[in-house]
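Shown next are two forms of a single protein chain, provided one at a time as structure tokens under the names structure 1 and structure 2.
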Structure 1
Amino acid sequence: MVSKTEETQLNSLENQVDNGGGGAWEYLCLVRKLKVRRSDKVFKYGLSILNDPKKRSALGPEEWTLYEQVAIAALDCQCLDVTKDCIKVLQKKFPESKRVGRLNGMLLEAKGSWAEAEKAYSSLLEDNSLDQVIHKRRVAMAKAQGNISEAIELLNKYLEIFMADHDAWRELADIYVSLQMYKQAAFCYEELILSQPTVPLYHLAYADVLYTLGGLENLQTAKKYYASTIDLTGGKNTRAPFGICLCTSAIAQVSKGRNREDKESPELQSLAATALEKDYKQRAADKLGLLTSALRSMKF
């Protein structure tokens, strides 16, 4: 979870390192802590630290974590030779390590030799059949090969054992949304909201899925979840007010022919629209015209 202060810290450190101001090690530590995927920069600056023997010895025991981080970044940037060298160094230091075995499996994956990678992962699983990360790597491999149904099956089996793994639920929701199986995706997001009710981004994603499903009840629930997102973020999320405006106009359209009592007060939509206009005026004043015309067409 990346909070706002951490994001600004990360961006300022990144600017500093990009403009040659030093602080590469702090940047790498922050990237590792926040679990963001900045593989090109990690690769460049991590490798420059590792190639400098003075800086390398200044790291002490953290050197090996840096080797692992650079190895994974090199895989992402497709520099497989660097990964091979890093794995060799790590294997010399930690001969019987599972983590290095996992890195080997990832290298085989990146090379495209799926069968060998599968063999490597199954041998690692034989020693410890409850290794969470290896199970997840097998799911990722199925996804990379394009075999989405097998990925879903593996992920479901994994979630039967490890029901509390939020990342896996989120991954399953993403896969379902990509296949347009929105009801199942809504179920996954409900699990996420149950376990972590204070993360507004889950509420937002759930509301998006419900809005896409459509139908009067789903639209009303989506509006409630957009409202709870606004509540949890203190109004600083831009997508949620848009969601409220769209939901209100969609509800008005769906219930136009139904002649029900209009319980929906139009205040929420006008408040959301005002908040959006204020936000745009502050941050992107040149786009304010677009916004007002879009909002006007939604209100008819």
Structure 2
Amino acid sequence: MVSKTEETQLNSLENQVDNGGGGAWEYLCLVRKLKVRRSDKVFKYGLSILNDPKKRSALGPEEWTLYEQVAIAALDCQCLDVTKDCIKVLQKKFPESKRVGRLNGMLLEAKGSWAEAEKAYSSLLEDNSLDQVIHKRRVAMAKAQGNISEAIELLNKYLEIFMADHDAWRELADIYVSLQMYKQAAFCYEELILSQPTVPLYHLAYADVLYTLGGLENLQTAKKYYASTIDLTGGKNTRAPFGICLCTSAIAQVSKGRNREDKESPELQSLAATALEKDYKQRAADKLGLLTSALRSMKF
């Protein structure tokens, strides 16, 4: 994740280059270092360097890195001819490179030549079955074709090998949520929380899934994870206290006629409602009436 300082530095350098102040190469290096996607700028400034023999030769070995960077940016910009030209140069320099082979597969994807791309990726996986990038490209390709069931299957197989890949677990969770497969999504978020227990986003998403599933046990657990989200964010997340209020209301409805032990204490809900009202007064005073009406409609 890019920090605010890094983003400020990147934007400042981008403005400098845009205004003709130089620093195009430094900008391209920073984009690559931070792993951000600014394809239009990378394509524009990267190609200008590659088209200038003097500037290109001054890069030394970094020239080939720039060819790869521009090739990927050109794919995003739908300038497939430029990508093709970059790949040709790289293939001439590195004829047996698997990395260049991946680029060629991505070009085939962009052209919509799915069968050829799959063949290229399968061939590369035969040489190295642990190539994470190619596994992920196959998932992306399945999604691009609308084959969600295959994407799920590929992701599950991938996670059997690379169980610590947080992005893959999150991607799988998002797919399950989109298909309303909430139990499977909950499992994914449990894995994420186990591996990264201090990331509030995972606690919040897990609570949302449990609330959607419903049932007394799920609602009580969801309420705990909304509370942990508040704790991890220092009370700066508005959605979490609202989730607590919703859970309390739902638990009250489910617990009707049950023992007192099953009923919730109103203290946490009261604190959450107070925090919400304070937050709305500070940041959205014109919406305070809507919040008050919503909280009154909840039966605690």
Partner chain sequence: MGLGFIIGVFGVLFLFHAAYSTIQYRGLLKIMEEEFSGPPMNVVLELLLGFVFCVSAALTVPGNFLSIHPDSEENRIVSLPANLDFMIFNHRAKALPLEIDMKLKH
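Remember, predicted model here, so these are calculated numbers, not experimental data. Please note that residue numbering is based on structure 1, beginning with 1 at the start of its sequence.
Between the two renderings of this chain, the form predicted in complex with the partner chain is found in structure 1; structure 2 comes from elsewhere. Two rigid parts rotate between structures 1 and 2; their hinge, judged among 169, 138, 42, 273, coincides with 138. The angle of turn of the smaller rigid part against the larger, between structures 1 and 2 and from C-alpha superpositions, comes to 15 degrees.
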